[in-house]
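Have a look below at one chain only, the form predicted alone, in structure tokens format.
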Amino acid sequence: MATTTHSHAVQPQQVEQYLSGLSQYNVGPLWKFLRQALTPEPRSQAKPFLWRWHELRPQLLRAGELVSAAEAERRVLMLLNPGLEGRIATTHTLYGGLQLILPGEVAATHRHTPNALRFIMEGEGAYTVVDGEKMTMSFGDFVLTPNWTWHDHGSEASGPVVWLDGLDIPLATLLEGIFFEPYPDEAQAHTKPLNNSVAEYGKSGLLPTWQRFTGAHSPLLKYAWKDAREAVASLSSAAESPCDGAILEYVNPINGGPSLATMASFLQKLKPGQKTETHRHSVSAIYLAVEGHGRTLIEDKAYDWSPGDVFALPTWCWHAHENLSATEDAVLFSFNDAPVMKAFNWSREQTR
């Protein structure tokens, strides 16, 4: 193939004039932005950040005094990443928020395409109804609201109930896949037995043989705190991760896959004084401190956490966890976007 050469020297002003005129055609020169678009490794705009429970709890309770559940539909304080200004996002793909429901309230029924999960942080006596199944919610319970399922929340408690919401709203927004629909009535009918999915799929290693569930999400909609806490506490040291300690995933009991199609969720325990090895991965995550006091180093900056604190871990950030107590376990709940990254073969992990 012949190589073309310039018959005369090109002047810089000619190049600039040419480039400045391209915008009228709605095109641009890739050669000017190639290295910006194709980076050697991910460069997230999201920043590591920690939201402190002792600061946000009073703000959440104040919202309960000022705004009713009927007015708000969902009384939630969004956890907004300072590096993603203008976006409803905690990481580039994940959203987290703190939701409050007060005694006697009902958060109206609706459905949407983003998947949602809940981890109960405080209180008991509240409930969620998903497609006619009412599920009781107490501290530490992990509850699913799969995409396009009718769901409402209510409280039969004597005090406030708070949970961490997790949704894939930023991802769904980017893909322009958001649909939303309100239910005709405030609450939906309860068409299934109480905690029905727990009765059918909540016994580890045992599954019903008739009419087995075939959906993309887990058929088990509530994972009880008692079961999860006992499981992570009794995990053999031989099964521990050097980078995460004793860690278990809330999986789909049918196929062992993630509980939701776009988000994987985990419970991990750090022994007294334990320090994990440093690693990074091409998934972003949101963590909730459930028990104990610890520290997570993210890009060599320390984020000290206590129960109720939430922190964001952007993609491809070096991080390690440490239990600061010499006598008590520390427990973290987390969810991440690993199912999406694995589906596209974009998942990477590296130890330091």
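Source: prediction; values computed, not measured. The numbering used is simple: start at 1 and walk along the sequence shown.
The form predicted in complex with a small molecule is left out here; the points below concern that form.
The chain is drawn here without the small molecule; in the predicted complex, the stretch among 149-157, 239-247, 197-205, 265-273 whose residues come within 4.5 Å of it by any heavy atom is 149-157. With respect to the small molecule in the predicted complex, the three residues Val76, His112 and Arg118 uniformly fall within 4.5 angstroms at the level of their nearest heavy atom. With the partner omitted from this view, the residue of Asp141, Asp165, Glu105, Glu133 that lies near the small molecule in the predicted complex is Asp165 [heavy atom within 4.5 Å]. This chain is drawn without the small molecule; in the predicted complex, the residue among Thr93, Ser218, Gln99, Gln188 with a heavy atom within 4.5 Å of it is Gln99.
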